[in-house]
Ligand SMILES: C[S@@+](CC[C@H](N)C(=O)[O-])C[C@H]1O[C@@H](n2cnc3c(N)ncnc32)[C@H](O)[C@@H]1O
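In structure tokens, the next block holds one chain alone, the form predicted on its own.
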């Protein structure tokens, strides 16, 4: 008795809006919500179901039946090879920020129950050659690249159109032995570069002589007129243009509160990293709380007037602050950090979020402590990806 293979599970879907992860959202003929990878709002697509649950499904675009005017052919040839670095290259750059704003507004409406939240555009970096740093995967032959979407397969790169030229130039000759990942960064202001393999005994070859190797290697970048030391093991924004945009948005969000910062009532730079905000905002007094030892070392150089505390923010014993700037990881603040933050007595909190849903959750937690949402500004610091950066003001 022969069993014929069933046909692929295909269904026509009208894409209604974008989801936080970058998929298009629509409904299957049976009424279930479906998240369609590669689908754009306003399109009708033939969707191939890849996961089916009782309440929802996931799918990929098998064919575009009615295309969005914002759909473009991905310019980078590595997209066709499956490179997962740029999941939104099929969207025109000018539409990307618009849809990111929609995603943030939708998260605040649905999760934080704020249907009238003010969500505005705050600008975008140029769509190409904007990255000064990349974390890369190492292939079996020692070459570097990025993983394919939803896969461990590595697409090796000899070039990358979103990397700054000085960074892209390091890719073809680099070989890595004894590590699965390596971080590369270039200093546009200084011409310096660093490489950091995420393993103790890794060997890196094929790099020019000026590249500092290892977690303690440093380079310098200029942001808002300030020279910043950034160690290879420390976090930094996607590039100097992104850092400039972010600092400008944070400065605007701080508003008049910046002028009232003093020794007795300082700025709290929570999750302060290498001291980007404490340094670039030019305040007379700041407390930087950061858990990374390398970032703390950088912060002491970059913001010598600030008190640098090496601690998990949730475990920090709160001291009074006039103004808080908080830039937590993707998971957001969470309940414990909000309690610490509230205990500072700050009247204004400026929250930098890189995930719309965690922003919405934090908005609800801050509301429990009397902080009201007073406007979100959306930045596109990662063009061609669904990654969102949001600067939000909370006042009490």
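Numbering follows the first chain given and starts at 1. As the structure is a prediction and not an experimental result, all values here were calculated from the model.
Same protein, other form: the form predicted together with the ligand, not shown, and the subject of what follows.
With the partner omitted here, the residue from 89, 237, 96, 194 that has a non-hydrogen atom within 4.5 angstroms of the ligand in the model of the complex is 237. Distance criterion of 4.5 Å from any heavy atom to the ligand in the model of the complex singles out 314 from the list 166, 244, 106, 314. At least one heavy atom of residue 271 is located within 4.5 Å of the ligand in the model of the complex. For residue 276, a non-hydrogen atom is located within 4.5 Å of the ligand in the model of the complex, even though that partner is not displayed. Contact between residue 290 and the ligand in the model of the complex is found at the 4.5 Å heavy atom cutoff. Remark: residue 355 does not count among the residues lining the ligand in the model of the complex, judged by a heavy atom distance of 4.5 Å or less. Screening 167-175, 182-190, 142-150, 306-314 for residues having heavy atoms within 4.5 Å of the ligand in the model of the complex returns a single hit, 306-314.
Contacts to the ligand in the model of the complex (heavy atom within 4.5 Å) from stretch 346-371: none.
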